[in-house]
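Given next, in structure tokens, is a single chain: the form predicted alone.
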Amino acid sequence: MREITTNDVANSVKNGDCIAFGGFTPAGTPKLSASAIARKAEEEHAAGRPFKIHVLTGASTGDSVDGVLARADAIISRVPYQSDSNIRNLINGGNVHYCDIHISHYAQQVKQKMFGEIDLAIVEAADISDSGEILFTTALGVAPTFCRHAKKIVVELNEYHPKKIRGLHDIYETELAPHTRPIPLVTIRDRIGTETIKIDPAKIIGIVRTNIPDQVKAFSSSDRDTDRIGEHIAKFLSNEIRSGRILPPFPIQSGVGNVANSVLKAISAETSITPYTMYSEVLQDSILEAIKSGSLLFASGAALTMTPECLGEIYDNYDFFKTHLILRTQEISNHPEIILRLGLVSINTALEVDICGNVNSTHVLGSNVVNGVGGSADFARNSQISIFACKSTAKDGKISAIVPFCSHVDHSEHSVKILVTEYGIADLRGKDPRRRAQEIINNCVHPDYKDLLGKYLSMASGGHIPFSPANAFKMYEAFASEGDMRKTNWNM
């Protein structure tokens, strides 16, 4: 297999090309090629020539893709999820076309060429054979589909990841409807696909050698509020087990961040819940101690999004960890059929929640995107219990995270079963909108906003949904006239 330089990669890219980057989060994301493409963009722009590309990824990336390309103003459009501040500013400024879609739908849409032809796929591998057999690294995402449908492929062979991880991956790709078959996955541990993919070597234009860890940063430490959220969720799940509504060991899906870390810590310490399993997208640092302690039996995901220290511990003790981990393509990790069959308990975070139970995960003030819906809706809509958690306030208490009506809705009231803040749990199951609102106000709202939201609910008369924009605006004006601008995120 021919070795090439990153300049060779950049020279193969033309203005307007569609480039697909492997990985899922910074895990498994190519490390060098995008920087060379960004340099070419800067050179072309300096010479007065246009040069921008369409960018497809598995999910978010490290700075090595989204960051460098955004700073070079080299992106026309971006799909499907992002978390980089550079590209976020371009999107919100109207300078990048951003298509935010459900992760479970993505591979099918790539196969259907919804985003056009893929001119070049750039993927990271731990090993590659002369016959075109590719062993991926710390993520699968949608990289196998990219490789099968791209006109050309570049493989970044990253020697940081040992070849002994062969067997970590389970690659299964679905057919297009109406030829889709039932997915034969019935337990968390099931293997239904292949360890590697095999691509026509004629499509691979070359290999770029690297030896660079994933650009995964540690999340901020948990605090008193996130720990209380975790404790509330662990207590709730324990009560669900005692009531017989859920049966252990049930699989858990968890989002990412310090709230998710606190939740997993609390669940792992609750003996009525443990041992448990995990069927999720992102597997982060917090699962290591849970696996080592025996509280987490097995974890299935689309990516090992771990700091180099934690990933190094897995590699150093791989004979142990390989019996507890599996990585899948994102169309399987997020597939509604599997989520329903396994009976997941999903736990995700929210930016904003309204008193009816609608959740905004992605936008500030209704228009400025923060990241993307990702896979949270795949899990929330199809889990046996969908939990959303957030702190009751933001901006050091200056705004309430719970509002009369969400400025943007990613997860409707029909998908949200449980809401949790540091103040408690609102169980929304079996309740009409007005009872849900009272449950949320009583149990989840910060004391500074409880009376205000209670007053709004009492004023919102008539109709099935307690929504009265005119009265809400009057309340906003009253608070503004008193110099109290805490409610600046309410959408009136």
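No experiment lies behind these values; they were computed from the predicted model shown. The first residue of the sequence shown is number 1, and the count goes up from there.
What follows is about the form predicted together with another copy of the chain, which we do not show.
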Would residue 384 show up as a contact with another copy of the chain in the model of the complex if we use heavy atoms at 4.5 Å? yes
Within a 4.5 Å heavy atom cut-off, is residue 195 in contact with another copy of the chain in the model of the complex? no
Residue 406 within 4.5 Å of another copy of the chain in the model of the complex, heavy atoms: yes
Is there a heavy atom of residue 48 no more than 4.5 Å from a heavy atom of another copy of the chain in the model of the complex? no
Which is the contacting stretch out of 98-106, 313-321, 282-290, 150-158, given heavy atoms within 4.5 Å of another copy of the chain in the model of the complex? 98-106
Quick one: from 275, 397, 308, 366, grab the residue that has a heavy atom within 4.5 Å of another copy of the chain in the model of the complex. 366
Consider the chain as shown here, without its partner, and state which of 239, 85, 129, 112 has a heavy atom within 4.5 Å of another copy of the chain in the model of the complex. 112
So, a 4.5 angstroms cut-off on heavy atom distances: do all three of 118, 145 and 200 pass it with respect to another copy of the chain in the model of the complex? no
Residues in 331-356 that come within 4.5 Å of another copy of the chain in the model of the complex by at least one heavy atom, in order, are 335, 336, 337, 340, 341, 342, 343
